[in-house]
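Taking the form predicted alone, here's one chain by itself in structure tokens.
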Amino acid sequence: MQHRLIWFRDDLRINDNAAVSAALNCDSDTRISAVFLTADDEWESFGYGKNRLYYTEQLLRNLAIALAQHGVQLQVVRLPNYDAQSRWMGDFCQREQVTDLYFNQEYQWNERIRDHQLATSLDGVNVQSFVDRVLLQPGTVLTGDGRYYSVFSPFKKRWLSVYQENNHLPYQTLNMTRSQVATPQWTSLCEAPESDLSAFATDERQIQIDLKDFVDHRLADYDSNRNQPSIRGTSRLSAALARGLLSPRQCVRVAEEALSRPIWDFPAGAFSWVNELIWRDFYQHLLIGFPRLSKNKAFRPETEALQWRNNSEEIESWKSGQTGIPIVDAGMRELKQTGWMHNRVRMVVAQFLTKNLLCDWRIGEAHFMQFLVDSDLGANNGGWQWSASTGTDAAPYFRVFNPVSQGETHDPDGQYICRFIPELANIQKSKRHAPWLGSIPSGYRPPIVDLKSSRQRAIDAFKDLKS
């Protein structure tokens, strides 16, 4: 008798799950098992924080209930590292006579090595891996001479061409007639988060409601509203995408059905959101094409010689939202309070750390990994190296965001700032982004750095590197 094992990773859903769909396409007498394996010590070394682990725990609880209703029991096994995962998998497959192993591909270096070694060591097991995390498989969007793209614009052009040639319908999950089984117990991955994560959906029904609400009410105006942190102008679906409660295929399908046209025919406002999904693919493709990104290395090797200042007091002020620069402090406080930060503000706080404070981008990347509920190596690393001018398609080193003008442009009345820095609510709106130009209110501090001179210091550091 066949025994099929589904190995869940960051794909914690049943619907439109490539591996799940393939595994369940079988006779009713086929035995099906499911497992989620932790790598606690390894994940700690990667900097996975409590917010990510707690959110994963909630998704696992709901996934286990959903699977049990369909006759599949989910085991959650606590293990220290990837080597232990491979040993457990080998022992389980041999003991339980597993004939087929199904999982969705991961693209970080350590995970790829683990999966390759496992696929070549499991004797007698048909190992099948699937493309699920991205819309287009890495390796299908290449330059004319077969290389991975390192600049987004030509990648997007080629991506759209390849995408139009392929079918991208969501995977169908067959109706299962198996008897319901008990939901197992396991030792919790994390008992409590560091932030209030109540805004994030934890089951498939709710995330589909959230997706449809965004598409119906905010997609058309996405391009004009996405940079305003004081309003709900973005999709807020990043956590569900990062942990696999939602697939990018589902996002595209719901949007296409709402607009009655394929994504390449979307109006500009709506396509701006699709563009973000393409960026998401781009960052995952880069992990395959440039493995050093998974190894804590700069995309541009020459930037490893930069003389970062790494002032510990300034770094702590940045982390705690006490820099005296309102838009920066609001963003850092939002991160700690909610486990999330508006994307425009992410860029502002990242450039402030790497340029105005001239601190190594890896410090910020690690801090984001600790607190972000949507933490993901590809997007997090890509965003930080873009801001620091050390990465692929990065911001030119001489273009440094002015956080005051960024705040005035994207949060003109200071509503976002006052939400997280209430001590600024009683000063004139015109002074909220630069309170030091007037009388700084009690409880708030003056800037820890001069914006003009610190900007020039960063430019000079990059010039010295270039010379």
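Note that the structure is predicted; figures quoted are calculated from it, not measured. All residue numbers are counted from 1 along the displayed sequence.
A second form of this protein, the form predicted in complex with a small molecule, is not displayed here; the remarks below concern that form.
Segments offered: 364-372, 181-189, 203-211, 96-104. Contacting the small molecule in the model of the complex at heavy atom distances within 4.5 Å is 364-372.
Using a 4.5 angstroms limit between non-hydrogen atoms, G321 is distant from the small molecule in the model of the complex.
Although the partner is absent from this view, F352 stays clear of the small molecule in the model of the complex, with no non-hydrogen atom inside 4.5 angstroms. In the model of the complex, no heavy atom of I288 sits within 4.5 Å of the small molecule.
The closest non-hydrogen atom of W279 lies within 4.5 Å of the small molecule in the model of the complex. Checking L357, L241, A298, V134 for any heavy atom within 4.5 Å of the small molecule in the model of the complex turns up a single hit: L241. Checked against the small molecule in the model of the complex, the residues M341, V76, L293, A270 give one hit for a heavy atom within 4.5 Å, which is M341.
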